[in-house]
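Take a look at this one chain, the form predicted on its own, written out in structure tokens.
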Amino acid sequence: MTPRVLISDKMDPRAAAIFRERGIEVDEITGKTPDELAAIIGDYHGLAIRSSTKATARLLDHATNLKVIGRAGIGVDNVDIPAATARGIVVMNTPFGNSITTAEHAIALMFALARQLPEADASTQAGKWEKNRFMGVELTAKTLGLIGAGNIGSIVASRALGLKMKVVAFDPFLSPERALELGIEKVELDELLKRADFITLHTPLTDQTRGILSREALARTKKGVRIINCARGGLIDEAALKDALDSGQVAGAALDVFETEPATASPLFGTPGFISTPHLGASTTEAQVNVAIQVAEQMSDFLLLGGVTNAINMPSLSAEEAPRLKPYMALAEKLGKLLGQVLGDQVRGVSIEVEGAAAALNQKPITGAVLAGLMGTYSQTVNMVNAPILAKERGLDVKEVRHEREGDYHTLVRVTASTPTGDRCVAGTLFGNSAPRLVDIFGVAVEADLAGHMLYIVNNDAPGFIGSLGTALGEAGINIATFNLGRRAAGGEAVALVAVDDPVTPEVVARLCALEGVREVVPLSF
């Protein structure tokens, strides 16, 4: 089936062109109301947006076929990430397409604040010549405080160092090595507030960063500080900023973003020393083209190849990795399904081990596939996106183990489930590097292809059992496709994995359980 993508916000035409070149059907339908969008979204596998479309939980309730949302830009405030994740929808953004543009806008606003350019322009064009009124400050030798030193923040730091500024940064995720590499000093927030002549924010809006420049924080800043925000509205207490400007604690502030947008009214408007722009951080020709191309390429890779790049709610998987990992993910999902169907609610935790050739691969998608198979026991809509969330909600402890060694098989994936009665382990390999095969089930060596309808049977190893089993299935009108056997020891516990052509009803399961020597019968489906 050919994937279909809806572009619901105005976007550079190269995005649609890329979708079509990759063989994806694309419709460009912009300006729709939420109700109008909800009426058509069910027809699409992908949704490409900018900032106008709001991908709310209500909209996603109608997106029955949606697999991916691509945000052409960085911020995903307009996407309900938990709702998308719960529905198994991948959410991607394009964090690098407009990084330079946003960083340059922050630098431009810093210059504008330092030299009072907007006020000077307005005064001059009003016919005044107030040369002595506009006394600015130099940037050279001043201290710039970065709140957030990620992709955009690091570019701002580079430009500021070129201006001979000293740069200090508050970022919990900034390592000392990275700070040294950037040529900046890592400090705590209070230290930054005390020392910075200019403060610029480059952090996402989260529960931890909301109001990071609160009234209390602004009171701790160096008197006469100038503040720039091209990141997200809500990082600064705007009412407190107004008071700080009026009191002179803050000499100037430039905001490209506001807590409520469009910002058609604000207590800050008209305040001396305040500059505002209408969320122009990403508004350059180059940035618009870059993010459009990037989101189209990322979404195409996902819909056609399974590649995952810049996803907010699942591990990355490059388009180059995806073909190599595809058979491993199929094997991993089958192992997870096997455990889920046999053990049910007994599972308390799961350990995923990779060995041999598998140890050289990206393990996160393998883990996601195991969890998708395992959680499929509890939900019909589970996939690699929402499986980790479901596992967390059920309190499952998930571990990953990597063994560089090569054992009996050149590549192996082993999944161990912890239960109240002990650990239960299954393992599988790839035949010909492509065909998944089960090679161990709960300590019994087998060789089985997990596919279609199957029966997992535990019985006493005794003569005549296979004949009795075949007769019982034959009497029920069920044909055996393949038969795979294993046992712990002669005369001990034996395991049969029987592939059949039709689903096995509870009545047939009960009849099989009544056979002499049978300990357990579980119908399986793959």
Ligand SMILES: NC(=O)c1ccc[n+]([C@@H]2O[C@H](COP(=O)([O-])OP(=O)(O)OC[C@H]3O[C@@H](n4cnc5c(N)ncnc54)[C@H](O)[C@@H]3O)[C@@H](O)[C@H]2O)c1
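Note that the coordinates shown come from a computational prediction; the quantities given were computed from them, not determined experimentally. Only the largest set of C-alpha atoms that superpose within 1.5 Å between the two forms is called the rigid core. Note that residue numbering follows the sequence shown and begins at 1.
One more form of this protein exists, namely the form predicted in complex with this ligand; it is left out here, but the text below deals with it.
Figure legend: unbound chain with this ligand modelled from its position in the predicted bound form by local C-alpha superposition. Site open, with zero ligand atoms within 2.4 Å of backbone or C-beta atoms. In summary, among the residues Ser266, Asn151, Ser418, Ser158, the only one with a non-hydrogen atom within 4.5 Å of this ligand in the predicted bound form is Asn151. This chain is displayed alone, yet in the predicted bound form one of Ser214, Thr209, Asn362, Asn433 has a heavy atom within 4.5 Å of this ligand; that residue is Thr209. Relative to this ligand in the predicted bound form, residues Phe173, His202 and Arg232 are all within 4.5 Å by at least one heavy atom. Listed stretches are 398-406, 142-150, 445-453, 220-228; the contact stretch with this ligand in the predicted bound form is 142-150, by a heavy atom cutoff of 4.5 Å. Using a 4.5 angstroms threshold between heavy atoms, Ser123 stays clear of this ligand in the predicted bound form. Residue contact with this ligand in the predicted bound form: Ile366 places no heavy atom within 4.5 Å of it. The closest non-hydrogen atom of Val257 lies within 4.5 Å of this ligand in the predicted bound form. Remark: Ser379 counts among the residues lining this ligand in the predicted bound form, judged by a heavy atom distance of 4.5 Å or less. Shown without its partner, the chain has Thr102 as the single residue in segment 102-117 with a non-hydrogen atom within 4.5 angstroms of this ligand in the predicted bound form. Core-superposed comparison between this form and the one not shown: the Cα of Met375 travels 2 Å or more.
Core-superposed comparison between this form and the one not shown: the C-alpha position of Glu188 differs by less than 2 Å. In this overlay on the rigid core, Glu130 has a C-alpha that sits less than 2 Å away from its partner position between this form and the one not shown.
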